[in-house]
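Take a look at this single chain, the form predicted on its own, given in structure tokens.
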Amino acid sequence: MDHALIVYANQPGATIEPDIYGHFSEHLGRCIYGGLWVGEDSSIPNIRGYRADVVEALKKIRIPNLRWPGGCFADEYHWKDGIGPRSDRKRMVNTHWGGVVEDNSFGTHEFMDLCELLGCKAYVNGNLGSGTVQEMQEWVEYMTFDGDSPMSRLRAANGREKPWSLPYFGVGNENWGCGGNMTAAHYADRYRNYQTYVRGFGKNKPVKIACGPSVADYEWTETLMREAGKFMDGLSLHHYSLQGSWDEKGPAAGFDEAGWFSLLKNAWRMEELIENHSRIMDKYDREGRVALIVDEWGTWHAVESGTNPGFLYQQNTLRDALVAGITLNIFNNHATRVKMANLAQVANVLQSPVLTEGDRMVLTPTWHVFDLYKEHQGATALDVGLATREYRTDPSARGIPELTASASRSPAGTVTVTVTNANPRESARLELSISGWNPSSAQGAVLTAKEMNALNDFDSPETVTPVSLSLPPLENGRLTVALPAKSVASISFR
């Protein structure tokens, strides 16, 4: 047997927080405008200005939280520019993303109301890079204070008497780079100062999230945890999967097997990053109080030809689906420390679950992975033992596991197992067994396609969609699964 997977149903672990399956919306390209928001007067079907098709798609995958307004945009965003009558709102230049004019027609009220419409939690990123302590303090008060104050009166004057719920607040973003080019020590001091004024009002106690490291900057994590760990509830981590380099990124669709492998190897690095950053966090936070929050992850390819390079619009293929499946399995298996994550981004930017064009929308292969994995949300992680081969394209180079897997048990008792097969040429024969429990039935679905470059576009929106996975009868909690090449699968046991 080439591959074997044991799910230890009697060895439960941490809860897989639904927030691990979160998303990210920045004022970047067509993510907000045209992706989420079209305005009440649009001919595109909408619910109070929000695209009806996108709202429905996000609800179906049970979107647990949404991050906004950035990203790099957050540390140049001044929230008072985005409130009041839209015709009176201040216009600004989006210096980070394409140099286009931002008219601020989508602001605090529009975002918070969208979260209520979606039934998801709001994750707001505050401006530490170019904003003041007072500005941040007043924004939190504006959103959450349920009493009589200048900010609550201003909120009411703008049409919202009742405060919103603000579960998560990020104190700055990428302050080692676009958020101010700060040193770790300088940001730690600034974070301690700013977070003091991110107050909880009434029952609303925002989880305070500090700007964490870029990829493998372990010194940043060490400094932040040592100097400011006791003042934070979460520490962010950003890691994007590339084919090529930041200066010469590979294409989203026109790649060969070497390009396929390169991207998946970069995605698999998430395992190493979480383990190493968690080890540092454990040193200063033995109780595991501070969550590791991977609030930017996903693939970053060269932009599509003919599009604004500052809009970061890219197609989404089966390869992106494998990145999503591998990464989510990693998060599930590290649910003790990883409590939230945000795929970048929710529409029309980078690894989007939905793409829109005019009044049309397409669900990408990545959306289908989130749909296949949604039963993990809120379930209890189960230990897994996986024996698998190594997949590589160069015999002399280090490879990655051919299969990855994670498993969970829902409150209703269903055990969900998700498995990826990174090999684009060969199917995998997997012997799967459930230890400590004898289920009576199993059913599965698998996402794959004939070509590794397969994608869904507006003319062919169902090229990459899940199909039923053929399973033999269960025998004492065991079965043998034939996993197609280049696939993501979900199997439910009852």
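Residues carry their position along the shown sequence, with the first being 1. Quick caveat, the model's predicted, so the values are computed rather than measured.
Keep in mind that the form predicted together with a small molecule is not shown, yet the notes after this line are about it.
Colleague: Among 396-404, 293-301, 84-92, 375-383, mark the stretch whose residues have heavy atoms within 4.5 Å of the small molecule in the model of the complex.
Modeller: Looking at the other structure, the answer is 293-301.
Colleague: Could you spot which one of K339, R190, H238, R409 gets a heavy atom to within 4.5 Å of the small molecule in the model of the complex?
Modeller: Of the listed residues, the single hit is H238.
Colleague: Which listed residue (L28, L58, L36, L447) meets the criterion of a heavy atom within 4.5 Å of the small molecule in the model of the complex?
Modeller: Spelling it out, the residue with a heavy atom inside the cut-off is L28.
Colleague: Hey, with the small molecule in the model of the complex, do Y123, V171 and A210 all fall inside the 4.5 Å heavy atom range?
Modeller: None of them does, since no heavy atom lies within 4.5 Å of the partner.
Colleague: Does the small molecule come within 4.5 Å of any heavy atom of W367 in the model of the complex?
Modeller: No, no contact at 4.5 Å.
Colleague: Mark G325 yes when one of its heavy atoms lies within 4.5 Å of a heavy atom of the small molecule in the model of the complex, and no otherwise.
Modeller: Contact with the small molecule, no.
Colleague: State yes or no: in the model of the complex, is some non-hydrogen atom of W97 no more than 4.5 angstroms from a non-hydrogen atom of the small molecule?
Modeller: Close contact exists here: in the model of the complex, W97 approaches the small molecule to within 4.5 Å, heavy atoms only.
Colleague: Would L128 count as touching the small molecule in the model of the complex under a 4.5 Å heavy atom rule?
Modeller: Contact check for L128: no, nothing within 4.5 Å of the small molecule in the model of the complex.
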